[in-house]
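Taking the form predicted alone, here's one chain by itself in structure tokens.
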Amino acid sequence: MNILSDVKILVTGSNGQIGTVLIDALRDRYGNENVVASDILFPEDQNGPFEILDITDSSRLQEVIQEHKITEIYHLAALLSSKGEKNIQLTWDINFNAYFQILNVAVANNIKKIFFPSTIGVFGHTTPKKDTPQFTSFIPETVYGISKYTGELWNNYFNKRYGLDIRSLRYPGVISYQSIPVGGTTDYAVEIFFEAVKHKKYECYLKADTALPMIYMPDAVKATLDLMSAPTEKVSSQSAYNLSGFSFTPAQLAKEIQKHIPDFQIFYSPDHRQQIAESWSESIDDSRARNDWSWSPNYDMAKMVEDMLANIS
């Protein structure tokens, strides 16, 4: 259903874990023809306009914006934490240099609103581990986290200098059944479900007691749409909002899965991602989002596990 016909949205990185689900939600809200998906490869299924777009190509970006008369950009294209460490320069080019180009192109083309996904990866060893506050110490320890925190700072700058309406969420680990993410430190929380259903066992690359904040995909999409549709006067953070659904350890998640698959087994073989996970928060204080634009998740861990297993099975 087309609610706002004057809104024309461009989504970059639309083939990714969040993009594949968010595209459908945006098209349900604004109409198929008003939401342009883009990525470096054509997706298997596409129900609306799609453009091949290398996000580092600013001239191609400008061309797509002008051709479709884009008014809002959801910039999802990024390399994630673990994969990003394997090619630092490429990660910086995609995660930050491309975004800086988007900000400048947005100003030049009078883009009305931008969504920038940040991450709990902006936190580091100097950040309080539990109930991490909105404003705290930021010393990220991956190029992914560094690029996203830099993006947050530029969000604030472009808002103050040019009046650009930029909205951002620090996503925790996102859990979904629609696709298996690649290259992230929290990916185990998706992989484990597919392995539990198929093989009834899973070898986890994090230690059993490694607590991390997570969110279920329906809530991640809900938070994104809620923030982007919130009145300007309700948005008090121009850098990024803390966001969380629930926190758990691999052992706690395995125990919840065993309530549905009693013979499921989990084994632990920590790798390089353990060090990344240990630099992040265990739980997040997202009270500013709750107070500003009434954020509230619909799923806890038990409800998420039940829904994941039902959909995968």
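In this text, residue numbers run from 1 along the sequence as written. Because the structure is predicted, anything quoted here is derived from the model rather than measured.
What comes next is about the form predicted together with 2-amino-3-ketobutyric acid (AKB), which does not appear here.
Here the chain stands by itself, but in the predicted bound form one stretch of 233-241, 220-228, 76-84, 154-162, 76-84, has heavy atoms within 4.5 Å of 2-amino-3-ketobutyric acid (AKB). Checking Ala106, Ile146, Ala189, Ile120 for any heavy atom within 4.5 Å of 2-amino-3-ketobutyric acid (AKB) in the predicted bound form turns up a single hit: Ile120. With the partner omitted from this view, the residue of Tyr171, Phe193, Tyr216, Phe116 that lies near 2-amino-3-ketobutyric acid (AKB) in the predicted bound form is Tyr171 [heavy atom within 4.5 Å]. Under a 4.5 angstroms non-hydrogen atom cutoff, 2-amino-3-ketobutyric acid (AKB) in the predicted bound form has Gly184 among its neighbouring residues.
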